[in-house]
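Okay, here we've got a single chain as structure tokens, the form predicted alone, with questions on binding and movement later.
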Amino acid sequence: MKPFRSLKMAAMAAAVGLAGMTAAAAETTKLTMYYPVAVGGPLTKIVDGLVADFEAENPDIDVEAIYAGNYNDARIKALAALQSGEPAQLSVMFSIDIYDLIEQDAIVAFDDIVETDEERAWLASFYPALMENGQTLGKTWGIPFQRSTIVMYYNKDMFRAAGLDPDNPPATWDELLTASKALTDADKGQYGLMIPSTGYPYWMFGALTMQNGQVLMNGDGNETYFDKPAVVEALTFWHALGAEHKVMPEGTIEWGTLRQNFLEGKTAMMWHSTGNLTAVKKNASFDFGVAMLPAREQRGTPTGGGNFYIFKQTSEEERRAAMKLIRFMTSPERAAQWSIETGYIGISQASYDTQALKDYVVEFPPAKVARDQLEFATAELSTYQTGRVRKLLDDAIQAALTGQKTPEEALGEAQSQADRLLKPYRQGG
């Protein structure tokens, strides 16, 4: 009888253990997060590290990060997953995707998820300029994370060689043109300035128009201002930098290779995302500086980058788990870590109040330029029918820069077509 009893007890113990394992598995909430890798640097390793730290603190939540390519790829793949019946629960996608995501009824507002005063305080803790692309219809739909502004990187060694003060970069359009002429050396194949016009030309253009006192759209996503005189004037100036003044290559300049051109000394100044800051710091063989973009009527830059979104096709349990992950990733300590390791903006004042980021800014002052520039920042171009409207402007910019159309013609046509697309979204449209 004893062997039988032992076998019975062993079987019971195994059953209890299996039940325990099954219960533990049942209690684990699984999250799938799509993530864009749009700017150079080991971002996947950094995100993997943050996710691993989160899972260590939250063993009941299992996070799978899927790296989906650029922002457009991330949106397409995340929405395709929703249609396939195997949806993701959250994603970092373009901040400007907000209207399309709302129209597709794909996301849930954070106001409908937060429950406590602490969570509501968290929702109000981010820099207002970064929230402009995440809020509409009286609600918050996106939480800033991988966010940026455009900054001007410049080669201080080239400034010295040209007799320019390396500690006083151009602060106005006139100063920019003067410095660019002094820094251009055709014999060396060296340009004074490069502003990228592929990839995200509308983004760079939003900086120029803001500097000339004009935004590109209204706050409701249903009206654009592409043919305003100040907008036409901004594109005329951009075109003239290459075609007339020869301080920049004529035609288009590639987004993806511009950083390497700067590192190789092919341009003395470049306008690019602050998300490149850490990569430039690690790879520049020369003394470089980072400055706010110059002004005409005023300083100005659009914000850029990605927000966290939670998809509507999620259970209550998944939403709470997704909220935990997003709050962890956007906490002051983690936001500070993210900013130091990537160059992206710390998304709240609290992140810059951490000792880590305080020390880093003292050690490396360029790290605060993008944050300080938020004072002059505006929302990135975002409307209903965002992809189509954005392409209209991108095509107009490139047509003007390559001389196929005048700035006035190109922007007038883009505005006419944007009006047609956006009219249904206006009252009485």
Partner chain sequence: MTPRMANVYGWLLLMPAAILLIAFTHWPTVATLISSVYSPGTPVRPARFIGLDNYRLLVDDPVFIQAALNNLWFAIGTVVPSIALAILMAIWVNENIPGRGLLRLAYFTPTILPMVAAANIWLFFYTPDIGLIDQVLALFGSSGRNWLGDPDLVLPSLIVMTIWKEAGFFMIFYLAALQSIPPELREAAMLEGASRWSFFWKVTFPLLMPTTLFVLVNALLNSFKLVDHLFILTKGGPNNASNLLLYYIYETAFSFFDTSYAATITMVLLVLLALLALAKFWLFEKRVHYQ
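Bear in mind the structure is a predicted one, so any value in this text is a computation, not a measurement. Positions refer to the first chain, counted from 1.
There is another form of the same protein, the form predicted together with its partner chain; it is not shown, and what comes next is about it.
Contact annotation: Arg75 falls within 4.5 Å of its partner chain in the model of the complex, judged by heavy atom distances. In the model of the complex, its partner chain stays beyond 4.5 Å of every heavy atom belonging to Thr32. In the model of the complex, its partner chain sits beyond 4.5 Å of every heavy atom of Glu318. Shown alone here, Gly199 lies within 4.5 Å of its partner chain in the model of the complex, counting heavy atoms only. Only one of Asn218, Asn168, Gln355, Gln260 comes within 4.5 Å of its partner chain in the model of the complex through a heavy atom, and that residue is Gln260. Proximity to its partner chain in the model of the complex, defined as a heavy atom within 4.5 Å, singles out one entry of Glu118, Asp287, Glu86, Glu264, which is Glu264. Remark: of stretches 248 to 256, 335 to 343, 169 to 177, 204 to 212, the one touching its partner chain in the model of the complex is 248 to 256 (heavy atom within 4.5 Å). In the model of the complex, the residues of 187 to 205 lying within 4.5 Å of its partner chain by at least one heavy atom are, in order, Gly189, Tyr191, Gly199.
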